[in-house]
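What follows is one chain in structure tokens, specifically the form predicted alone.
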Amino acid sequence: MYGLIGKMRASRGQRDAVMEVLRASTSTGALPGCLSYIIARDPADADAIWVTEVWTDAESHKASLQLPEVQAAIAKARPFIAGFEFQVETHPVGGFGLADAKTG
């Protein structure tokens, strides 16, 4: 499996608008290879958004960025995003809601 954990910063007062675009674009289940996509508020920072993603593989994530609905969501949210603070790649091995990854 392939994972990403990222923190983005919305323009002041626009966190809910960004989160709504993210929620709407991921609620249809039309992201092939996406096993989990979690959007979270940062309780200590009114403009920060955390996104935790789990994909079957890195290629599925990369391909998702080319989907028309994802491209439209990026364009819609872009005016409300101040920046991205960081993003880390992970290799999930399992957990509640995820099948165990085969090691090897």
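One-based numbering along the sequence shown. Keep in mind it's a predicted model, so treat the numbers as computed, not measured.
Unshown form predicted together with another copy of the chain; subsequent notes refer to it.
Handout entry: Within 4.5 Å of another copy of the chain in the model of the complex, all of M8, A17 and Q71 (non-hydrogen atom)
Key = Heavy-atom distance to another copy of the chain in the model of the complex: none of the three under 4.5 Å.
Exercise for the section: Mark A77 yes when one of its heavy atoms lies within 4.5 Å of a heavy atom of another copy of the chain in the model of the complex, and no otherwise. Expected result: A77: no contact with another copy of the chain in the model of the complex.
Exercise for the section: Classify T26 as contacting or not contacting another copy of the chain in the model of the complex by the rule of any non-hydrogen atom within 4.5 angstroms, answering yes or no. Expected result: The answer is yes: T26 has a heavy atom within 4.5 Å of another copy of the chain.
Practice task
Using the partner position in the model of the complex, report whether R41 sits within 4.5 Å of another copy of the chain, counting heavy atoms only.
Solution key: Yes, contact at 4.5 Å.
Practice task
Indicate whether another copy of the chain has at least one heavy atom within 4.5 Å of a heavy atom of T52 in the model of the complex.
Solution key: T52: contacts another copy of the chain in the model of the complex.
Problem - in the model of the complex: members of 65-92 within 4.5 Å of another copy of the chain, any heavy atom - result: F86, V88, E89, T90, H91, P92, in sequence order.
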